[in-house]
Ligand code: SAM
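Only one chain comes next, encoded as structure tokens, the form predicted alone.
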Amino acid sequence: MHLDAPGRLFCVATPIGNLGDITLRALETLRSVHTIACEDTRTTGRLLALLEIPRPRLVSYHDHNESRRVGQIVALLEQGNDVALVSDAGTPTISDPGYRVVSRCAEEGIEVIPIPGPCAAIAALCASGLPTDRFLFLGFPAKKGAKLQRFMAQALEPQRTAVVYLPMRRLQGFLEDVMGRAPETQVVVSRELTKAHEQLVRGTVGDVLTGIAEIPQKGECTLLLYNPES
């Protein structure tokens, strides 16, 4: 039975490592919604247990089922149910699934409410020491071909900080490419942000390449690039 008013979609940021980064609004929202749409129900289930939040209905929402889940989530909202959208860590839709359901809600006139909080890109940027007045978030680069070439051209546009998400196994090759194109580029490698082994490595691209053996090659990093050449 449909209610007069649809539910609301909450885009809820969750911790990227340190559980203490959860916000009061996020806690309140996760406790109150009818359903949580999440990348991995196991990961979100563990987070809810750690936060001592009674587990509501969890619906998986990830890259491989996003197209068919959108209709199901919109149907729940149209029935008057509030839904929270979360990713495994950080802010949903930022290089994570969620864009399609948010876009559909906007089209249908369903209220979308951001619950801001942790975001690896912004956390790395504010602690980088690189200029923050003009920056571009690029997410994950293509692996090869014309798409990678366009990505590199954007990342190395002079006098603008670029923020890139990168698997650590690709870091050396990516920086070697940067070195060949713009050797004066300033680089910050940010990894394990907010966790016990948080690490920010700063220097020219050549400096970082020289010391790359000292950077653990596991997981992913947030890489910041600033090409000072005009």
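A residue's number is simply how far along the shown sequence it sits, counting from 1. Remember, predicted model here, so these are calculated numbers, not experimental data.
Heads up, the form predicted together with this ligand isn't pictured, but that's what we're talking about next.
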So, 89, 193 and 222: all three within 4.5 Å of this ligand in the predicted complex by heavy atoms, or not? yes
Just to confirm the contact call: exactly one of 125-133, 149-157, 95-103, 69-77 touches this ligand in the predicted complex at a 4.5 Å heavy atom cutoff, so which is it? 95-103
Might residue 115 be said to contact this ligand in the predicted complex, defining contact as any heavy atom within 4.5 Å? no
4.5 angstroms heavy atom contact with this ligand in the predicted complex for residue 175: no
With heavy atoms only and a cut-off of 4.5 Å, decide whether residue 110 touches this ligand in the predicted complex. no
Under a 4.5 Å heavy atom criterion, is residue 166 part of the interface with this ligand in the predicted complex? yes
Only hit among 16, 22, 215, 209 for heavy atom within 4.5 Å of this ligand in the predicted complex is 16
